[in-house]
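This document starts with one chain, in the form predicted alone, laid out as structure tokens.
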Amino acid sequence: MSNVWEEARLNLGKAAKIINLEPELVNRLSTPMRFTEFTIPVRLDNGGKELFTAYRSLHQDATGPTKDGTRIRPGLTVEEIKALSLFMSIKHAVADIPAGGGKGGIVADPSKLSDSEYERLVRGFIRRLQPKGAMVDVPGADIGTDARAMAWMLDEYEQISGFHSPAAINDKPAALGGSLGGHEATGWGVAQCVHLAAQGVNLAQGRVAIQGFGQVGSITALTLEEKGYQIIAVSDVFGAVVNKSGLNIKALSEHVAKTGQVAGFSGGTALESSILELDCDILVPAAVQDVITEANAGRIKATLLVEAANAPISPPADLILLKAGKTIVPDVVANCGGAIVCDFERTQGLSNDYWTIQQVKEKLLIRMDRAYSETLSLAKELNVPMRQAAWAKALTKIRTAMLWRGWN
């Protein structure tokens, strides 16, 4: 199944059956509450103009204002944005965040735009979207956007609204009211889930392979190394390196900062085969969706898989892995650390009370521990995989909010 929107709705349907969710509510949650498609005209540096297509999907707001990310990449689809907004609803509920799910995106290739063209595109997104602020819908960062882009979004929003509102945009620099720890949050959370799950299956300080060495994968690797895990292989879009005795992640990070890729790192050798099929104890897919499918699921050797990316395991592959006795920590639990710190960021912005990075990390780990333990407990109680338990847990909370509002 290659359509991530269909995958998301499949997981929704399975969890809805587990909790006997009312058909009316299933219908409401099976499509975004509001979906906006618009165009952004951008003047190019050569004097020409180009028209870019953009989207914003608001899945549901029964549980609070919608949030988060803005994805900019070529080939971005309507279905992808819809699915990601549904995932955000589930992540927020799993992590006890009082927010609904939102996701935005622009069909563009940032690498083909100059800095000034990219800035005009990002500012144009806010100008055309016309967000209503921290109490309604809060855009954040995602693939193709970063703290700099969020700073431009906040500035554009404040220029339009005429007043300062640091809580209106997430993932911005600390100098503009962003939260410390925002860059590390998702990786910290993934590493914590790896550690908790590894203890449960007697793999603490086991051999780890990480597919994807971007912001999430690199922080996950550094954090796990600090906890005593042996990171034996990492990969990026250019290739992979392996060292059966363990990679020096700090040195690898310095190499990537200089060269832009893991290939050529002197502390390891090039991995010619698939990192996903490597002989390891723990596998962390931290890149893109559907990298493990029914075509390769039978060759996965890892005992524990922790989904740092969104939907990296297809539904058919999920069944194959579970049948083979693998333990899977689903994405909506494993990578919700970023959503948690985005909630912290909004809280700090609204209260004008900003926390130290240690406070942020301590509060994040408490929330991650609770999200993981509650999901695992429910999985055992219902005798279902953690993925279904996480979705059932989230839908129960969303259902309660919808019923109190009289939305049935």
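Just so we're clear, the structure is a prediction, and the values are computed from it rather than from any experiment. Each residue number is its position in the shown sequence, starting from 1.
As for the form predicted together with nicotinamide-adenine-dinucleotide (NAD), it is not shown, yet the points below apply to it.
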property	result
Residue contact check: residue 237 to nicotinamide-adenine-dinucleotide (NAD) in the predicted complex, 4.5 Å heavy atom	yes
Contact test in the predicted complex: residue 288 vs nicotinamide-adenine-dinucleotide (NAD), heavy atoms, 4.5 Å	yes
Residue 253: touches nicotinamide-adenine-dinucleotide (NAD) in the predicted complex, heavy atom cutoff 4.5 angstroms	no
Proximity of residue 193 to nicotinamide-adenine-dinucleotide (NAD) in the predicted complex, heavy atoms at 4.5 Å	no
Listed residue (274, 230, 215, 293) with a non-hydrogen atom within 4.5 angstroms of nicotinamide-adenine-dinucleotide (NAD) in the predicted complex	215
Option touching nicotinamide-adenine-dinucleotide (NAD), based on a heavy atom within 4.5 Å in the predicted complex, out of 97, 304, 121, 309	309
One stretch from 215-223, 294-302, 197-205, 172-180 that, in the predicted complex, holds residues within 4.5 Å of nicotinamide-adenine-dinucleotide (NAD) by heavy atom	215-223
Within 88-109, the residues that have a heavy atom no more than 4.5 Å from nicotinamide-adenine-dinucleotide (NAD) in the predicted complex	91
